[in-house]
Ligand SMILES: C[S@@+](CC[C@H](N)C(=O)[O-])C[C@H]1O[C@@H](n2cnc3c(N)ncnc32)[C@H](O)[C@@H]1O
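We begin with a single chain expressed as structure tokens, specifically the form predicted on its own.
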Amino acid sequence: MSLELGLKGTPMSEVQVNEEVKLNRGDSALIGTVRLKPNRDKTVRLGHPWVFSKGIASFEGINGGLVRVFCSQNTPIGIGYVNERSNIRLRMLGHFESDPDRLIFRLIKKSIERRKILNIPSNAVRLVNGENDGLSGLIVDCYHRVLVIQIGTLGMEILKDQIVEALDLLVGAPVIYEKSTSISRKEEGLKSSNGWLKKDEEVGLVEIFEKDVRFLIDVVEGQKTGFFLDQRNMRFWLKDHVEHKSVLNLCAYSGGFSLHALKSGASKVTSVDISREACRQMHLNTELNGLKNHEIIEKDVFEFLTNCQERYDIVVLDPPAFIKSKKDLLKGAKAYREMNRLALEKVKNRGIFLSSSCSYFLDEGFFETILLEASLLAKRDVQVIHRHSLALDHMKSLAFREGEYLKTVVMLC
């Protein structure tokens, strides 16, 4: 099924772009210059988008503005932008780009075109995935006719008008909402920024679909950009394993895993989330799909697991990021370990446990060590039967391993 984008619901594959539009034309005299120290260009040439402060030999230009990047031998490498306040001093745009004219337009167009071949059965898709699409500091998600953008860096903040203009020309969505609240903005010297960048029609709850399941999402008040698009493939995986099974969905948010499970024949689903608004959305989404046997509990997950006596055929655990920075690693790891231990105790023998972490600072190896420790504490013999990271539209660059923030492990208990 094609992603519906463009005015009047034109399928994404049919969206036409006027190649003659002269967009994002800049004065080359205003483009700054960065030279790297000797032997500091290797990772950049391989496609990595970041250069830290110790790798910069010289910088001339406007802080946050575009720069031409040269190696120590004065050979041009590409184009990026600099923030002298950030430890990540230089962020590259694209790979081996040399022409600043219409650069943002070209990169966003390329990013959107990549998604055309994925045949994602949803009208909710990530169109721009930051560094992985050569657009460090920019996220763009599409929810039917609404675009939500996240800007996390000074360079992208300066380019905001060009970003909106490019999206308007390429997608034609009547609504663009900015939801820039990431921790990185503080590190970049920016305040949080929420608001409508384009609003040609009134917007309330937005209805999206994934295969045969529908959701109402709130792009303004909802978590992240409104929905957890990155777990789409795991929701689809779960559909094939839930028939006649009881399911416990922990940190359920708006019920993504829960509704897919009910739609695919689960006998009963219990969803737990501490957020009253999340539980309200789950009730709305359950009614929207005409589903029954959905128990929705507004409670802290630790408290629920401590007092719960029931065991389930399948337990899904997708908690928020407990590790926000490197200094939180050990404390956050302890929280993950305890929550996974408690959750494992609620899985029936020969049941399935799906556990995720979206903490950027927790790598896959350490996460699996935590799961091992949790299983030993819970006295459960587990076997890994499936692993997954990100949904297809969250495609990643092989050169940017830091982009692997989401880890999901499925275990047989």
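One-based numbering along the sequence shown. In this text, all values refer to a predicted model and were calculated from it rather than measured experimentally.
Keep in mind the form predicted together with the ligand is missing from the figure; the text below concerns it.
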Should residue 91 be counted as a contact of the ligand in the model of the complex, where contact means heavy atoms within 4.5 Å? no
Is there a heavy atom of residue 235 no more than 4.5 Å from a heavy atom of the ligand in the model of the complex? yes
Just checking whether residue 320 would be counted as a contact of the ligand in the model of the complex - the rule being heavy atoms within 4.5 angstroms. yes
With the partner left out here, check for me: in the model of the complex, does some heavy atom of residue 281 sit within 4.5 Å of the ligand? no
Can you check 77-85, 189-197, 283-291, 268-276 and let me know which stretch has heavy atoms within 4.5 Å of the ligand in the model of the complex? 268-276
Using a 4.5 Å heavy atom cut-off, which residue among 251, 335, 71, 164 comes into contact with the ligand in the model of the complex? 251
Only one of 111, 225, 231, 136 comes within 4.5 Å of the ligand in the model of the complex by heavy atoms, so just point that one out. 231
For 297-313: residues with a non-hydrogen atom within 4.5 angstroms of the ligand in the model of the complex? 299, 300, 301
